[in-house]
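Next comes just one chain, in structure tokens: the form predicted alone.
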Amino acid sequence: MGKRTVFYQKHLELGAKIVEFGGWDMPVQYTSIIAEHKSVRNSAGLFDVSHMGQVFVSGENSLDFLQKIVPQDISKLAVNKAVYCQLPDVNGGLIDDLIIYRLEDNDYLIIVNASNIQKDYSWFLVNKADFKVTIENKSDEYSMLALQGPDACKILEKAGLNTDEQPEFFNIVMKQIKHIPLFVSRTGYTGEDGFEFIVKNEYAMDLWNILFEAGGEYHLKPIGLGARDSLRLEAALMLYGNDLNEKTTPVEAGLKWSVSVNKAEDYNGKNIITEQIKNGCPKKLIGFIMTERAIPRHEYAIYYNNEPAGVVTSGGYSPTLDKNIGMGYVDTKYNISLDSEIQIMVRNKLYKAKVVKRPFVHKNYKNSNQT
């Protein structure tokens, strides 16, 4: 039996199928994954993401500490803003990927992946050194819900947070909905507009009920991990443990855009990461659509001209495109590029696929130039 969120009994009442994920017992689906997926794309869905971790960093050296552990330049992060980060080891491999929010001048909130909470927290402590910084793992004190979809803004307004009070994309605010104090961020993992709520456990179920009451006319549905995965795959958002791990650098993962190339401060793995930015790297991440009827899965082999060239990291059916899609790493020596034909080994047979630009579907973020 894994850990259980505050909402576990509610998931059972709603008929959810429960699976183990990252050490937690979580709902994989309530009805069908495809139906839940389409609910988020067409209207809105609510996800229990309380398995994610919350680590608070504060103190006069908090900025210096963060500059040491991530390749992004946190000095450019304004109050109430968020930044997507990687957490590299000394070899540039990724211990995790994170979102860092700046709450006040010297106060930050780090969201870490569920299976990595203790690993990340231990890494933070190892890197604390002589920094005057307080690092607090409060993951057991907080719950998280994600409201995602084109109607998310309207639902939140009906729940009590007017549009002009709602944060812009990749911003966070401290607000109160009814009697509930909480953090509201305009972030998510679906490629749709939406919000993530970070709330003390004692208020979590009240928030769930308020959101579903407000979302009734918009047909708000509870959404499981199955649709969360298909949604993030269509948006080409990476999953730690599949697309990212300690054997992969940010550059190899196609995340060079997120690395601050002019950052003066040293950070773990900087020499290797900057070398790869300048001179290239041995592998790269690609996206592809199957052109023959087969479903690519994690760890299936990728072939190019009938030679082994890489491995699938994420794959599955896209309900939006009605096609099978995937991502994976290939050896750069093969010069595989957009429109290249590759093959995926599925049950000892090769099936054709075409390399395409990521993301697979348009991202519908609000207040953002991202596509």
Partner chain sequence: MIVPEGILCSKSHEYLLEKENGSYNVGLTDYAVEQLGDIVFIELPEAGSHFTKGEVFATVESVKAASEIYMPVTGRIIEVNEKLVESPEILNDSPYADGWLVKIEADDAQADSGDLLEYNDYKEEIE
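What you are looking at is a predicted structure, and each value in this text was computed from that prediction instead of being measured. Positions refer to the first chain, counted from 1.
What comes next is about the form predicted together with its partner chain, which does not appear here.
Proximity to its partner chain in the predicted bound form, defined as a heavy atom within 4.5 Å, holds among 54, 29, 62, 343 only for 29. Of the residues given (312, 336, 69, 33), 33 alone sits with a heavy atom within 4.5 Å of its partner chain in the predicted bound form. By the criterion of a heavy atom within 4.5 Å, residue 295 is counted among the residues contacting its partner chain in the predicted bound form.
Using a 4.5 Å cutoff between non-hydrogen atoms, residue 24 does not count as a contact of its partner chain in the predicted bound form. At a distance threshold of 4.5 angstroms between non-hydrogen atoms, residue 357 is out of contact with its partner chain in the predicted bound form.
Taking the partner from elsewhere, residue 362 is found to have every heavy atom lying beyond 4.5 Å of its partner chain in the predicted bound form. Contact with its partner chain in the predicted bound form, judged as any non-hydrogen atom within 4.5 angstroms, is confined among 169-177, 192-200, 287-295, 75-83 to 287-295. Residue 317 is the only one in 301-317 with at least one heavy atom within 4.5 Å of its partner chain in the predicted bound form.
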